[in-house]
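The structure tokens that follow cover one protein chain in two forms, given apart as structure 1 and structure 2.
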Structure 1
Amino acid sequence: MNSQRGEWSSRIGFVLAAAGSAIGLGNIWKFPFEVGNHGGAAFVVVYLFFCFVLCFPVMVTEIAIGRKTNKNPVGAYKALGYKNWSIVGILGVLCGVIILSFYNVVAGWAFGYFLEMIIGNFAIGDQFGAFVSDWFQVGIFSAIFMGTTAFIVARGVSAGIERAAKILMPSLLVIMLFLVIYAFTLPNAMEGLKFYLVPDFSKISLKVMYSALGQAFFSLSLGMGALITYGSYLSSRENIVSSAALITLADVGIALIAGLMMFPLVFSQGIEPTGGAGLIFVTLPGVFQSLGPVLGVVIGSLFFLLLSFAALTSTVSLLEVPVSYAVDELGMKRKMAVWSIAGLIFVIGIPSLLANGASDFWSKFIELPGVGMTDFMTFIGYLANDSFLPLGGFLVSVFAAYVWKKNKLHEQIAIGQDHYAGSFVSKFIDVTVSIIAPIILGILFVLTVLNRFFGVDVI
């Protein structure tokens, strides 16, 4: 193995790091407003179904490809003898770079809000538009975030990524549980829990299913090569299936806890749960203000610190994808690869930094049929998150089942565990990867492209 690559020192380190890759703003920021916009508990049920029935087998497949080859997403296909399929890996690396370029900007918002909460500036929610359009200030916050991310990744797999995950993940969980316990004490909290936990199955529609699948796939970091990369550092002694199950449970658990925290807070103030993306950055500072000058500062600061921690666990994995490519395929030293790629991605993210009011050109970048005038940051979100990820998952499934062949996939999965061959799990993964995943992810990709870029409302 390339000495620049490294490997996980323990199974728990891998699970925490991979869970950290999955757990991020998608769980704490995006999941609650998706629930609020799509019928509450009914959305949660569909989301859980997709996480375990569809996403879990795809996760197992990506980890298996990584461990088999000890390579990045591009090199993995070459190492398996299918050089032409390395385009799928290139798509994954490109996707990671694009997502990190704008994700880092949103992470800068979270870090900036943490600082604002510390000084008790609860009015920041009313000033959200002015805040995000101040490109210089947000740029500094985003640069600090990217620098922190690069510092962790530059230290290597075990000494950097794994060690950070062992600190950040437990810290994130402790903060969340504290906020949940506090939220339960608020007036009208039970109404929020009812909305979140008691499903009205009549609200399940094609649109709810479509949104739940997209959220599940995005939140688990599938289709972008992150889990192929993390799997490439995994020892052959480890059980892939149980590790993937723990990662899925951790990701889903954090998302569910985020809802337990968010909806009691929202309902306690009589706020509509359909507030969308602005629910956190526009609405919540006012909620924290209502708690009083001292408690509001404490709770508000903890919340946005939590959001920053969650973002950091994801930015680390997003940066590691192109870094592993540079180390494996270009022969670069890890530290040089990390800092040069981090700097490049920050520069690539400048249009997203300017796309929230600082520049008319980037803020009104393109007009999409059925969507209207769209800023650059939203546009590349549609491109990378909504389109490239399901396409990547579709191609990985097709490759594993029909090119690399299922028997070779199962041989790799079986390493490190007893009684896998012929078990229910092996049959379940077989059917999902070869039939269910290609069909559903293929349909999701087509529907997304038709809807986002051609304005065809097919759901």
Structure 2
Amino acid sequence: MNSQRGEWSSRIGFVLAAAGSAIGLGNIWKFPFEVGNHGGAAFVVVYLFFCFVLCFPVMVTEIAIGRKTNKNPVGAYKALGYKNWSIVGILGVLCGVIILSFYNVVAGWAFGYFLEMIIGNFAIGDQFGAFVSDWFQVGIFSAIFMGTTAFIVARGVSAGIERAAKILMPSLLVIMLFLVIYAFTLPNAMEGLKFYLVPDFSKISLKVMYSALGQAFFSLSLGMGALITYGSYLSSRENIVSSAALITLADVGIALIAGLMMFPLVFSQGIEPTGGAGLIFVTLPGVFQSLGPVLGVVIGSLFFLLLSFAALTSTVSLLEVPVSYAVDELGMKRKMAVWSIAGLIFVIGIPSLLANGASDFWSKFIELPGVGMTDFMTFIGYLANDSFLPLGGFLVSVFAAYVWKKNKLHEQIAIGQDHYAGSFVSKFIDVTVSIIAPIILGILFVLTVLNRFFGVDVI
């Protein structure tokens, strides 16, 4: 291990940091509105299938490649002796840059809502449209957010990232569970639960499938090498399979809890579940108001504060990917890399900042044959989350199974784990990485692009 690069202080440190990367706006902001947009429980079933059957083995593979090479996603392929494949790493780094550019804007919303809750402005729920179109204000919140992210990343993996994740993730869980219990007591809660938990399988369409796939990859931070990067700081004593299982379970668990919280609340308020990106921001302030002036302010501000922290442990991992690339491959000093890349990504995020009503051009950016008029932020989300991440998952699976070769992958996974060879889990990973993932991800990638960007309706 190259001691200069740093290392997680313990396995639980790695698991918490990787879970911190996974758990974020994807679970609490995006998951509920994707479920709402795609017909409810049927989407949840497809999502769960993808998380456990496809994504979990891809996660094991990413971590194994990272630990084997101690490198960023680009350097990892080179270190294994496959220079041409480093293009996959570059794709991942670019994807990280794109995702962070818009993720940081939504994180700015969450942080802004925290401030609104502190002053007891519960009416902000109804003013969501005006709030997000105020680009200057949101720009300041986003800049604060990016600055904080850069500050943490600059301190290095163990000191900064681990410490923050250890305290804040459990607090977020507690407050969400409180809201779930409260939500269950409200009128119409059962209707919300029915929408969320009783699947109508006739709702499963191609669109539901690729949206669920994109959501699974996005939520688990897969397909762009974030877990290659985090795995590169993992010591060889640790068990990769059980770490990946814990990360997957924690991430899926938080998303499911977010749904349990949101749908009773949405239905009890008579709000349409198809509200899109505004869903939690429109729904929750009214809920906090109903808790009374004191409790409402306390719970409301704590919720958005912790949501901001959940987003922060994700933005930290998003920034870590291009930074580790710049440090390892371009020889930049860590501090310099952190601040310059963070600044650049903030600038790249300006169109997303303007895409929610502030500017007509960015808000009505492109007419997509498969979707209709789409704003710039949603558009790059489609590109990065639903197309590039599954493509990255496809490529990393093909690489591990057929280029690096399965026996090398298994050899790496087996380090730090007794009785791996011949076990059920090793066979499962084997079959998924070499057959199931390449086929399903390959087909869905092609169909997604055809459908969404070219309007071709294949099934």
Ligand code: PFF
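The term rigid core refers to the most C-alpha atoms you can superpose between the two forms while keeping them within 1.5 Å. All residue numbers here follow the sequence of structure 1, with the first residue given the number 1. The structure presented is a predicted model; accordingly, all values stated were derived computationally and were not measured.
**Student:** Can you tell which of the two structures I gave is the form predicted in complex with the ligand?
**Tutor:** If we ask which form is the one predicted in complex with the ligand, the answer is structure 2.
**Student:** Superpose on the rigid core, then tell me if the C-alpha of F201 is displaced by 2 angstroms or more between structure 1 and structure 2.
**Tutor:** Yes, because once the rigid core is superposed, the C-alpha of F201 moves 2 Å or more between structure 1 and structure 2.
**Student:** Any CA movement of 2 Å or more for T378 between structure 1 and structure 2, core superposed?
**Tutor:** Moves: no, less than 2 Å.
**Student:** Does N70 count as moved between structure 1 and structure 2, where moved means a C-alpha shift of 2 angstroms or more after fitting the rigid core?
**Tutor:** No, shifts by less than 2 Å.
**Student:** How many Å does the Cα of G39 travel between structure 1 and structure 2 when the structures are matched on their rigid core?
**Tutor:** Displacement of the C-alpha, rigid core superposed: 4.9 Å.
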